[in-house]
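Given next, in structure tokens, is a single chain: the form predicted alone.
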Amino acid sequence: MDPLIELKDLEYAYPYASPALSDISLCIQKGEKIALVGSNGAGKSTLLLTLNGMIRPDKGTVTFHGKPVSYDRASLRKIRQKIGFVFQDPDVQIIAPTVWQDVAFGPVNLDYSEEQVQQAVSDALHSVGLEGFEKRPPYHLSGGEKKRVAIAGILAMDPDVLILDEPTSMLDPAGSEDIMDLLDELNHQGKTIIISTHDVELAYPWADRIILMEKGRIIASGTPEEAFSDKELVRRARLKTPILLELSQELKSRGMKTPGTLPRTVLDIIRIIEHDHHGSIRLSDNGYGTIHVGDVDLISGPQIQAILARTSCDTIGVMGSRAKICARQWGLTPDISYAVIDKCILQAMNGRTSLILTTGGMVTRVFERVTLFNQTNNRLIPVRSLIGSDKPDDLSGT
């Protein structure tokens, strides 16, 4: 498969400074989730800025869809429409007096018709969960909401690639989880996502591929397990081993048998422990709990309240921006809002019933993840889809 973006032999130095990038060669495939990981000054942000022409390398080439990036104004305008960039500080990017005007800035400057602008802004705000925020001044928003406005401004131009420099910078843990959940959702919709971060605990479970950087060079590129398992490379990058991987290594050093794959989630650690005990860890007396899945675009608040009233649902999880908004509007307080599927699988193994609220293709993702877990681990965790109708009490599982 031809790469979506390819960098060959890139070099760049800021004026009167040592090289910021040296001998950078990299291929990025469509649909990947990539994290550039390194300490401050490693060259992560500079590398990201070369991807859509905001920095022109001193040497080397950048190609997009097989064509070299040109640096004239018209060409840069096109490339920046297709490769969108979200800065670390959203205040740098948000320039308009209202949310609607800011998100509309890109489509207007791309000469969209008035109808196209309206549709693009509406779709983008829907995607990031900011419907109803159109008239709000951005300076009245929280840090997480500002970050979503910046992302919406990029999505309104329908990019193929979304680049985010330190996407969770200045956000609290809940805000960070919301942003990473949104990026997962956008990737599931087909967007290629590239982020930079120095937070290994953020990058390790999230990314498909980790690119370790040190002093302007790429020192490793591979799966999270591959990149972070090399202690010497992690040390060179001035990082630390992700805690779950470190725990796995310590368990193995103490004689615990481990399966072939390294853990990336708490669920994976539980599998390792069970593997060592030959599956002898006792299930709940009630057997497996059921995972119910509801599409918030097909089910109403009264329907959800009705099923909660007549069933013993122990845990409510929400996946995606729209599901979180609907949960708030329906007066629901979710128990889980990040790593929802794995946490509900853990609940099911303890005999507890869960309800996952999400939208569209994410419903399919839940079924695929639970089915794969059952097949891989010889489990029988049931997963059911809630199908709604016009009547609040008419809900069934399939």
Partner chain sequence: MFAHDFLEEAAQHNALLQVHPYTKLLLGIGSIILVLFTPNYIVPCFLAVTLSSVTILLAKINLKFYLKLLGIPLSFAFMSALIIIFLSEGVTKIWSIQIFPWFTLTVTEESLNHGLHIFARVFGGMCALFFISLTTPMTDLFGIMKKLKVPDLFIDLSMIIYRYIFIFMEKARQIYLAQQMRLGYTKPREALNSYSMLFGSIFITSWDAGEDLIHAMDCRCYNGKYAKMITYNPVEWRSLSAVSLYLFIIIGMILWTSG
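Positions refer to the first chain, counted from 1. This is a predicted model, so every value here is computed, not measured.
Unshown form predicted together with the partner chain; subsequent notes refer to it.
**Student:** Consider the chain as shown here, without its partner, and state which of 263, 224, 153, 129 has a heavy atom within 4.5 Å of the partner chain in the model of the complex.
**Tutor:** Looking at the other structure, the residue within range turns out to be 153.
**Student:** Have a look at 287, 137, 301, 190 for me and say which one sits with a heavy atom within 4.5 Å of the partner chain in the model of the complex.
**Tutor:** Selected option: 137.
**Student:** Just to confirm, residue 307 within 4.5 Å of the partner chain in the model of the complex by heavy atoms?
**Tutor:** Contact check for residue 307: no, nothing within 4.5 Å of the partner chain in the model of the complex.
**Student:** Taking the partner chain as it sits in the model of the complex, is residue 229 near enough to touch it, meaning that at least one heavy atom pair lies within 4.5 angstroms?
**Tutor:** Outside the cut-off, so no.
**Student:** Might residue 80 be said to contact the partner chain in the model of the complex, defining contact as any heavy atom within 4.5 Å?
**Tutor:** Within the cut-off, so yes.
**Student:** Considering only heavy atoms, tell me if residue 201 and the partner chain come within 4.5 Å of each other in the model of the complex.
**Tutor:** Close contact is absent here: in the model of the complex, residue 201 is far from the partner chain, nothing within 4.5 Å, heavy atoms only.
**Student:** Please tell me whether the candidate spot formed by 7, 10 and 50 is one where all three residues come within 4.5 Å of the partner chain in the model of the complex (heavy atoms).
**Tutor:** Looking in the model of the complex, the three residues 7, 10 and 50 all stay beyond 4.5 Å of the partner chain (heavy atoms).
**Student:** If contact means any heavy atom within 4.5 Å, which of 51-59, 333-341, 22-30, 349-357 contacts the partner chain in the model of the complex?
**Tutor:** Single hit among the candidates: 51-59.
**Student:** Listed by sequence position, which residues of 111-125 have a non-hydrogen atom within 4.5 angstroms of the partner chain in the model of the complex?
**Tutor:** Residues within 4.5 Å: 111, 114, 117, 118.
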